[in-house]
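Next up: a single chain in structure tokens, the form predicted on its own.
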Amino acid sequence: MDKEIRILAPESFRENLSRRAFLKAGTAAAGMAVVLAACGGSDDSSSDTTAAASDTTAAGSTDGLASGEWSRVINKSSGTLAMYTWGDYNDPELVGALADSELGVSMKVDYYASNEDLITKLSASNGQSGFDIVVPTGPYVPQMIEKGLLQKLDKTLLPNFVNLDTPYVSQPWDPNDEYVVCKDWGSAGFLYDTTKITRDLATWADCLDAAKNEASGNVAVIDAAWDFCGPYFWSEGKSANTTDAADLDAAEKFLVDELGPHIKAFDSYPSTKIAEGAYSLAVAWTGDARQAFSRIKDAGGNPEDWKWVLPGPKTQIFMDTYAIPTGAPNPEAAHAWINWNLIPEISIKDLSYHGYHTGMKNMDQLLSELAPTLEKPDMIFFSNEQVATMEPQEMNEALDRLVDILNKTKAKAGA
């Protein structure tokens, strides 16, 4: 694997994003998140401290890994552990048999398509959602804290937190690491069937044009407002965080009237349907797009017929986090499970399945020792140049308008 692929971002890029986030944090309206970088650790990030290895080690081989370099503490627990998360976002064994055998918990997992869905569900429950772990995207965390939807973490129950690399802790949305823990980060692009779309597609403009032509009626888009609207803005050379009324009006006209009639599905996890032949063009987050290739093969198709594109001129970047909602019925088990997922062998097992960078320190070594044959690493680890084209989401006054545009497009598509 080319070492360059594993670079997260140039140091200057991380610093610029982090500084911008903190500057806006001082002027943001109460209850609203701010411009937050998925990879921008603050200058106050915790030091790269290593913990002595516990006598208890995680499942998986530890051959070649220095025992004192990572913390591998396992806190046993019991009972049912309910998670509310994005679709197909964890290795099935880690939310199933291994969680039971290693931790003593029985997991129940439910899924949502967007952060808006998550917040609506938790807000309506008044602390009685029944969920123990949720997985919000970073920029949504401040408003969730403001609304009282998340409880503070007990860091004494997360000894393996020290295994996270510096860029993934002390984020602007939780600078003291009180409420959330990095799960992973990724981006988005699109896949297309080259037997149906024979020209080369490289940009968001190419994607949207093909959606209205060769792929018409067989197009899938992400079912989340900012992620759905972003490709239009990027295709026009604009920021997906624009609040300009003319930009938003133009986006609505194009997405509702021009693109809407060609959309087959609003599908945030299209990999399974791609394998079933339901789509010829699909916008997707990088991890689900990566899974599509193996699912196409498992379904008897030819993965070589499909092409993945990380499009220009810009695309998105996000970091998802683990959090414990207010009123969680089994917070002890929630801490135990999150802590367990911060063990190197467990983290890399999960990464190999879902295809997102999990933020562990010394990632090069972990990959060489634990996942030397990792498939499609170029869809997980991005170069400096690629990351420089990725834009993090802002929480601003345009978000309600984007949600309205998404809903109007769904109505136009008949979805």
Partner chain sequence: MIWYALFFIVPIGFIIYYSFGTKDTTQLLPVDLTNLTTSNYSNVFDATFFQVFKATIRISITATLLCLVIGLPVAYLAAFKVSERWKAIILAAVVVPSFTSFLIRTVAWRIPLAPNGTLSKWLVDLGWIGPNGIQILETTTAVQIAIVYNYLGFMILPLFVALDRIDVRMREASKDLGAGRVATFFSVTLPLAGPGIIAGVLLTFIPMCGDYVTATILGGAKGNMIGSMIASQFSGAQNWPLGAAMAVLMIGAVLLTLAVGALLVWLLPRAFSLFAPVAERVRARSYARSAQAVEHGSAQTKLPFDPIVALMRTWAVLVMVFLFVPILLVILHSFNRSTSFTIWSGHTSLKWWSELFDGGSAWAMVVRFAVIIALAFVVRMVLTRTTSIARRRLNWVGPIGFAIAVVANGLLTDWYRDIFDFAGIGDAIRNSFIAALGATIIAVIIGGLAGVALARRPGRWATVFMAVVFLILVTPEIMDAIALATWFPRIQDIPVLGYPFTEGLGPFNGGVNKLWVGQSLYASAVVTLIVRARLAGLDESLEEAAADLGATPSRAFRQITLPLISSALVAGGLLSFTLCLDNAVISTLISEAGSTTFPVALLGATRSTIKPFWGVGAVILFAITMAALAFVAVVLRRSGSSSSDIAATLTGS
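Computed from a prediction, not measured in an experiment: that's the story for all the values here. Numbering follows the first chain given and starts at 1.
A second form of this protein, the form predicted in complex with its partner chain, is not displayed here; the remarks below concern that form.
The partner is not drawn, yet in the predicted bound form one stretch among 92-100, 310-318, 238-246, 157-165 has residues with heavy atoms inside 4.5 Å of its partner chain: 92-100. Of the heavy atoms in Ile324, none are within 4.5 Å of its partner chain in the predicted bound form. With a 4.5 Å cutoff on heavy atoms, Ile274 counts as touching its partner chain in the predicted bound form. At a distance threshold of 4.5 angstroms between non-hydrogen atoms, Asn218 is in contact with its partner chain in the predicted bound form. Using a 4.5 angstroms threshold between heavy atoms, Thr194 stays clear of its partner chain in the predicted bound form. Of the residues given (Ala113, Ala250, Val135, Ala210), Ala113 alone sits with a heavy atom within 4.5 Å of its partner chain in the predicted bound form.
With the partner omitted here, the residue from Lys152, Lys147, Lys76, Arg199 that has a non-hydrogen atom within 4.5 angstroms of its partner chain in the predicted bound form is Lys147. Along 351-381, a non-hydrogen atom within 4.5 Å of its partner chain in the predicted bound form is carried only by Tyr353.
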